[in-house]
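This document starts with one chain, in the form predicted alone, laid out as structure tokens.
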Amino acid sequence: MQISINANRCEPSPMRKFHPYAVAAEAQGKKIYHLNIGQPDLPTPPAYYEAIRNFDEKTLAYDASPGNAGLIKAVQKYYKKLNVSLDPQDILITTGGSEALLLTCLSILDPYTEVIIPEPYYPNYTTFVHAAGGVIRALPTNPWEGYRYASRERIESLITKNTRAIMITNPGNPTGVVLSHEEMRMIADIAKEHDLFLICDEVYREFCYDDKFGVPTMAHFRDIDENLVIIDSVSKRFSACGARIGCVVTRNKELQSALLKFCQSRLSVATIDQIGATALYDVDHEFFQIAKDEYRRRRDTVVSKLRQIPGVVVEEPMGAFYVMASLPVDDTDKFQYWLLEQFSDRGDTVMFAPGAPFYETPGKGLNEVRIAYVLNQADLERAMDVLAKGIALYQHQVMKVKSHSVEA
């Protein structure tokens, strides 16, 4: 018996691999501040639950494979507010943004074809590309340049005869980078000129902290209708991760047809969640402003605390609710194990996402972490203080011992 090559190319989620160690730490009485997973703690709008409670169909039936008609209409209305006009056929409802990405990769990639992705990037992209047999061509960035990647020369240098797509997240996960209008236009031009798909993961669109950027979406560039694929979701926007409702937005009819073929794997998206998600799109705009203001405060707290730790390199993220930082430790993966197994400060410890899995390039990100600032203000402040103490003790107990061993 044999497991497939594509499955063996995939890695476990770096956000979840430490779960057994967290369980063991909690069994020892430790309190863990979870900075490792982008699970918003803000309340889900009540409209979601009200819509589900009011669902009174006698039979819970399959919905249409492309998605519930009411939800598609709600998505159209949402994009209309962004000055983007969509036909119902331009929208495919999916089981979260993750399925949207997987279906897209399955529909455009053949074995050994390539996708250009700026690194660090959301690690699940690796799984989606590898599941389709594809290869990631990493566009390098670094913390000292604020992880910025929008350079025509650097992007075009990676294009080969095997390139099928450019994939970006805007605003960025894990870096919080937000592209300017000019940078978006340049990347759109590259995709158009080289006849490539441009896959834009825009699930953090509402969380852009500099008002000069507005609400960024590549859908405003109508000359790339055939190239553009937008990945969207209700998870982060409405603090409704458990609803598992996303969508693929593309005006490319051939691609929409291909996506539907792979929808046979799930027949239809869960009917009840689609009903609830439809109601979310009627939430007042004030909800987004409150959420953005809250995440901005949390961002400021995290960045301020990190900059007080000697040796940390961090740039202020301009969007989403993550920050990527370089820590003064040898290996953040080992550091995370140590925090869970050997460290606590008055019974407290922390979890983050180690940086290496956010990179395709071997050896990169070893001393970097992604921190999700999704805790309330008091918990966030305490978590950052615990992290600072953990770094100091790890440097003294572990890295100093290793240094002495090497000298010996």
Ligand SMILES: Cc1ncc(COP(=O)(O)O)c(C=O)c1O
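Values in this document were obtained by computation on a predicted structure and should not be read as measured data. All residue numbers are counted from 1 along the displayed sequence.
This protein has a second form, the form predicted together with this ligand, left out of what is shown; the following refers to that one.
Tyr125 is the sole member of Tyr125, Trp338, Phe287, Tyr281 with a non-hydrogen atom lying within 4.5 angstroms of this ligand in the predicted complex. Gly97 is the sole member of Pro120, Gly97, Gly134, Gly276 with a non-hydrogen atom lying within 4.5 angstroms of this ligand in the predicted complex. Relative to this ligand in the predicted complex, residues Asp201, Tyr204 and Tyr322 are all within 4.5 Å by at least one heavy atom. Among heavy atoms of Val129, none comes within 4.5 Å of this ligand in the predicted complex. Not displayed here, this ligand is approached by Leu101 to within 4.5 Å at the level of heavy atoms in the predicted complex. Proximity of Arg244 to this ligand in the predicted complex falls within the 4.5 Å heavy atom cutoff. Within this chain, Lys236 lines the site of this ligand in the predicted complex, having a heavy atom no more than 4.5 Å away. Partner contact region in the predicted complex: 236-244, out of 79-87, 236-244, 155-163, 175-183, criterion any non-hydrogen atom within 4.5 Å of this ligand.
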